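Okay, so here's just one chain, in structure tokens, the form predicted on its own.
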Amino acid sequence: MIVVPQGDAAVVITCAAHPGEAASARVHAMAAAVRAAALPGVVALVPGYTTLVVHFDPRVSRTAPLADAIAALVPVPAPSARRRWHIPVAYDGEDLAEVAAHAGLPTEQVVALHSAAVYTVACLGFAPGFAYLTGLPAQLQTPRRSSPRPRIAAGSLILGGQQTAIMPMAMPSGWHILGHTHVQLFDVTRMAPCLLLPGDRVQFVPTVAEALADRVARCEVGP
């Protein structure tokens, strides 16, 4: 673990050298340890793939003592009770066949592999509510498109490299489109605008497009 200053109001904790499930687990364990320590002046925690940024009020604390206090913390394992989302998705995306061809698999097996995996929200970024999901099966890892699209619709289920995600709003993207959902990931009118939060588990439920409007995301708490 490496703790370094970021300006005069934040420190960056590097928890792992490379992204992945193990790295995300260490980042979230460190975040739990910082929360439990209730260090003076800490105002926000921002988890990434391999890092945790700790923002603090410089009127209350200083960089060096805070960094020393963080370095002395022992990471706390993630609690066994975690939010697990089941999100209905129609696998009807225009790039599904291309992803299948790259993997050397029939489209039905791509759908089966993608929907069987349990993903972890590693971090939020790029746009409000955009949740980067780790746990994509190795067989489905596909290079991003050589030419990004100028606009992908909100709710699109996408895949790029080792990652998969849902577009929270219409945006440009070079990721491949596997399908779509009606579940809204970001809504400023909700008490908690972002549906998915770092540490959440996510599993996609294959659904015919005609039934999506009647299906909602289901959340349960468990291991």
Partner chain sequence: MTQLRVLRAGPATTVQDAGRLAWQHVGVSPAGFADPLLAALGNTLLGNPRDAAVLEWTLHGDALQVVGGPVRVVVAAWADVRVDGQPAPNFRTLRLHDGQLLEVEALQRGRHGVLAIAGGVHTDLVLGSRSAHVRTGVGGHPLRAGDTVPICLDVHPRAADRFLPADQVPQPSSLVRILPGPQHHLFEADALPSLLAHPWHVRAADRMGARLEGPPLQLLPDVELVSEGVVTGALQVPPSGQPIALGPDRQTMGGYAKLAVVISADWRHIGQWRDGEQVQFQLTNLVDAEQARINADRALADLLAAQRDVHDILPFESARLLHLLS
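If you're wondering where the values come from, they're calculated on a predicted model, not measured in any experiment. If you superpose the two forms and keep the largest set of C-alpha atoms that fall within 1.5 Å, you have the rigid core. Positions refer to the first chain, counted from 1.
Missing here is the form predicted in complex with the partner chain; even so, the following discussion is about that form.
Novice: Hey, in the model of the complex, does residue 10 get a heavy atom within 4.5 angstroms of the partner chain?
Specialist: Taking the distances in the model of the complex, the answer for residue 10 is yes, it comes within 4.5 Å of the partner chain.
Novice: Mark residue 127 yes when one of its heavy atoms lies within 4.5 Å of a heavy atom of the partner chain in the model of the complex, and no otherwise.
Specialist: Contact check for residue 127: yes, within 4.5 Å of the partner chain in the model of the complex.
Novice: Please determine whether residue 38 contacts the partner chain in the model of the complex, using a 4.5 Å cut-off between heavy atoms.
Specialist: No, no contact at 4.5 Å.
Novice: Looking in the model of the complex, any heavy atom of residue 184 within 4.5 Å of the partner chain?
Specialist: Heavy-atom contact with the partner chain at 4.5 Å: absent for residue 184.
Novice: In the model of the complex, does each of 134, 203 and 215 have a heavy atom within 4.5 Å of the partner chain?
Specialist: So, no: the whole triplet misses the partner chain.
Novice: Along 32-56, which positions have a non-hydrogen atom within 4.5 Å of the partner chain in the model of the complex?
Specialist: The stretch touches the partner through 43, 44, 45, 46, 47, 48, 49, 50, 51, 53, 55.
Novice: Tell me, please, whether between the shown form and the other one the C-alpha of residue 178 is shifted by 2 Å or more, with the rigid core used for superposition.
Specialist: Residue 178: C-alpha displaced by less than 2 Å between the shown form and the other one.
Novice: Once the core is aligned, does residue 20 move its Cα by at least 2 Å between the shown form and the other one?
Specialist: Yes, its C-alpha moves 2 Å or more.
Novice: Would you say whether residue 212 is displaced between the shown form and the other one, judging by a C-alpha shift of 2 Å or more on the superposed rigid core?
Specialist: No, the C-alpha moves less than 2 Å.
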